[in-house]
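A single chain comes next, written as structure tokens; it is the form predicted alone.
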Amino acid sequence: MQLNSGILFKLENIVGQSFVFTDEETRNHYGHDETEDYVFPPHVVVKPSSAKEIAEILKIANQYKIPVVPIGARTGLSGGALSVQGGIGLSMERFNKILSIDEQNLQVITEPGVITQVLREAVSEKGLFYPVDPSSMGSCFIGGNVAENAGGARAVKYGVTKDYVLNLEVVLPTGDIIWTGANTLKNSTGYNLTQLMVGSEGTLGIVTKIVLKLLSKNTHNVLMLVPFYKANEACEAVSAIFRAGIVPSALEFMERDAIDWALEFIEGLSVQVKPEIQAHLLIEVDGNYPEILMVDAEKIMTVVEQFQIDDILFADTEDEKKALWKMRRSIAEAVKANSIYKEEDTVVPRYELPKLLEGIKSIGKKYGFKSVCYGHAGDGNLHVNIIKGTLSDQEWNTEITKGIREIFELTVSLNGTLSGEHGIGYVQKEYMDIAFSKTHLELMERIKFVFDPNGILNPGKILP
């Protein structure tokens, strides 16, 4: 489809001529995220700065049946921000203000275009804590976190985005503006539209303000890196730690290739890994009392020493802690630097992690692909990076999809599901039949229709 000059003129009248872009370079720039090598440029990029402007844009889009795709920082891994049907790419980058930090009620009101790490640091200066910390927190937007229900390393103790969203200002596809809930910790008043919006991937409405609850900041933590000679034992140790009564603030799994590639990718990072080591667990406990944390650390040591491990590395300084976290958070970039890849975001009950890892490797052998696995093991959330390597385009486009389907079938058979935090978006929607019945999917379609009867908002996502 092409947008005629009359529609472009109307868009310019709403946001100003300098915030409407039709040149190829800008359209391509906003036509991709971090999902493989996909590029789907919108026909026009528009950069509004208020809910009222978005409402007017959506009214025009509804009138002319023009697709509208909300675009954040484009760090997503499921293609949620790709303009697969063209139309209007609605950049949210001008919504970049933290509106208020309520130190009395431990809340923050923010616009969606604020970088997650910027928000975390701003509340930290007030002695407060926003725990959600996706690996891309230095570049992703808080609005994207809401759209995908992002998690991160510390979700194992503190929960994911949905656990902190109290209220949302949302522009509906019809152009109506609503608040979905209330700025209260409890709310049993009608249907929970706030939680419906969280994780809806921009298909039901466009979030323009976010009210988040905060916590008091902890003052101490202990971080350890535990090397395992067998990757399946590293997975087994995860459940054993929880059964021993310990709830770490982070518990991350990294198999050997993940660490090796990260160390090659990051200059100046030195972690010695013996050739026999197959996997590591990065384990953190936090709180306000160092003596209690050391007791927890000793309990964890007692648990992991039941398995075949090498010497445990304790990060003694803040620099050492930052280095270990940098290694973990850089794995995705390191994998991408090595090869074209497909990343799956499987999640199972944590006790089933060994079976999941074993099954993924078996499926890889069957279809001839290599996988690099890492993730938030404390949540049972395993990121599976399927590497193209030397596979032909034919194998990559046909055989691999069969293997991915088998991975998801295995995941669901272990009482897991398709995505823990990356969302379904464009790339996983054809696998939704594995996790949901026809009745489930029809209910989702009806919900979509109630909010978006003309199907203009982020079409071609989630639903197969």
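In this text, residue numbers run from 1 along the sequence as written. Bear in mind the structure is a predicted one, so any value in this text is a computation, not a measurement.
Keep in mind the form predicted in complex with a further copy of the same chain is missing from the figure; the text below concerns it.
Colleague: If you check Gly389, Pro349, Gly138, Gly368 against a further copy of the same chain in the predicted complex, which one has a heavy atom within 4.5 Å?
Modeller: Exactly one listed residue reaches within 4.5 Å, namely Pro349.
Colleague: Only one of Gln308, Asn338, Gln117, Thr184 comes within 4.5 Å of a further copy of the same chain in the predicted complex by heavy atoms, so just point that one out.
Modeller: Only one option qualifies, and that one is Thr184.
Colleague: Choose one stretch from 69-77, 226-234, 264-272, 240-248: the one whose residues place a heavy atom within 4.5 angstroms of a further copy of the same chain in the predicted complex.
Modeller: Of the options given, it is 240-248.
Colleague: In the predicted complex, do Asn105, Leu418 and Met444 all put a heavy atom within 4.5 Å of a further copy of the same chain?
Modeller: Verified in the predicted complex; spot residues all in contact, yes.
Colleague: May I ask you to check whether Thr180 falls inside a 4.5 Å heavy atom distance of a further copy of the same chain in the predicted complex?
Modeller: Output for Thr180 is yes: heavy atoms within 4.5 Å of a further copy of the same chain.
Colleague: Heavy atoms within 4.5 Å of a further copy of the same chain in the predicted complex: does His376 have any?
Modeller: Although a further copy of the same chain is absent here, His376 would touch it in the predicted complex, with heavy atoms inside 4.5 Å.
Colleague: Consider His440 of the chain shown here, and say whether it contacts a further copy of the same chain in the predicted complex, taking contact as heavy atoms within 4.5 Å.
Modeller: Taking the distances in the predicted complex, the answer for His440 is yes, it comes within 4.5 Å of a further copy of the same chain.
Colleague: Does Ile210 reach a further copy of the same chain in the predicted complex if we count a contact as any heavy atom within 4.5 Å?
Modeller: Ile210: no contact with a further copy of the same chain in the predicted complex.
Colleague: Quick one: name the residues from 134-161 with any non-hydrogen atom within 4.5 angstroms of a further copy of the same chain in the predicted complex.
Modeller: The stretch 134-161, when checked against a further copy of the same chain in the predicted complex, contributes Glu148, Asn149, Gly151, Gly152, Ala155, Val160 at the 4.5 Å heavy-atom cut-off.
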